[in-house]
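Next up is one chain by itself, shown in structure tokens, the form predicted alone.
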């Protein structure tokens, strides 16, 4: 049997690269499957959602192999796989989806009914999402391969743009989903909460959808500087208590047409004493304040059902102090939930291949080796303005 190594969650604040089992054609219940493929992982990314687990803000168990952003080469396939061949280079949506249930057939692959025994929706290497083994590793198994995988049409061309295409597994479709559900269109004014990789991807999505002005807010000076360098309007949230006043400084009025929450439940704000404190509802409440009447708010930022690290007792169980009455009074549309990646990844692939969406530059992709993953987690957690992409087999450096 071949060897394999992966990034393993050990305890809050600690991940390690360890030897792990080579993938097999079995689902998390141990049942043999024939519709999967085994991939040699070409690239796999560190995500802000992974950080929630590593910080101890979820119920993730020790020993979990992390990683849901995966691009890889097919090296073995099950007997029921018809449309993929050995050697194909593919993008893996972070959603595990069967393609057969009611929600999958409706296009809601984010809440597949068959891949998780506990609730709707599955993902690789993530707490409560079915027990599927993560892909921050050298090799990984992907089920329902014919349905889930996006094959790149030209392998050589794809490797030339692999730093961009690696973003197709999650952050680019997630940002795009946030912009679409916020109803961004030609001439829109858009506010994006959060200047991390997903926020930058949402800003890029807003731009390609025709937005006239894209504002992006954060308290991290380095991330704001990077957002400005790629031509978005940075909003420094440390400079004023009222978000509307900061928006007005740019747009001339304290409102936008569309807003996108790319922060989620670990949102922060400045307390009365100037210290940064947990404020899990601050982003959503702020977005309802600045979004115009009858406007829409996309919420791709993660909110969890259980947050053991929360300071507030209600927040530990996913209950937030939302000003829903304000949103109701303004007839806002709010759209939550994970992104159905398959709904968007093919068109976004085309935008990348035809040089319409330089997403690697926009999110500042930084390639690291598998053994550097623990340091990548620490740097990302410290707020570095980069998207860390793991190169398990050294193929990205060769592609450069």
Ligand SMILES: NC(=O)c1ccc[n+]([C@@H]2O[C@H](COP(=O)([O-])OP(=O)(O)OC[C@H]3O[C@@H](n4cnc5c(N)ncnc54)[C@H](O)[C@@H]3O)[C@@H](O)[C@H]2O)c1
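Positions refer to the first chain, counted from 1. Computed from a prediction, not measured in an experiment: that's the story for all the values here.
Here the subject shifts to the form predicted in complex with the ligand, a form of this protein not shown in this document.
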> Quick one: of 93, 300, 125, 122, which gets a non-hydrogen atom within 4.5 angstroms of the ligand in the model of the complex?
Replying inline: 300
> What is the one choice in 70, 359, 37, 47 with a heavy atom within 4.5 Å of the ligand in the model of the complex?
Replying inline: 47
>> Among the candidate stretches 22-30, 57-65, 334-342, 366-374, which one is within 4.5 Å of the ligand in the model of the complex when only heavy atoms are counted?
In response: 334-342
> At the 4.5 Å heavy atom threshold, is residue 282 in contact with the ligand in the model of the complex?
Replying inline: yes
> Hey, in the model of the complex, does residue 262 get a heavy atom within 4.5 angstroms of the ligand?
Replying inline: yes
> residue 240 near the ligand in the model of the complex, any heavy atom under 4.5 Å?
Replying inline: no
> Hey, in the model of the complex, does residue 246 get a heavy atom within 4.5 angstroms of the ligand?
Replying inline: no
> What residues of 169-183, in sequence order, lie within 4.5 Å of the ligand in the model of the complex by heavy atom?
Replying inline: 170, 174
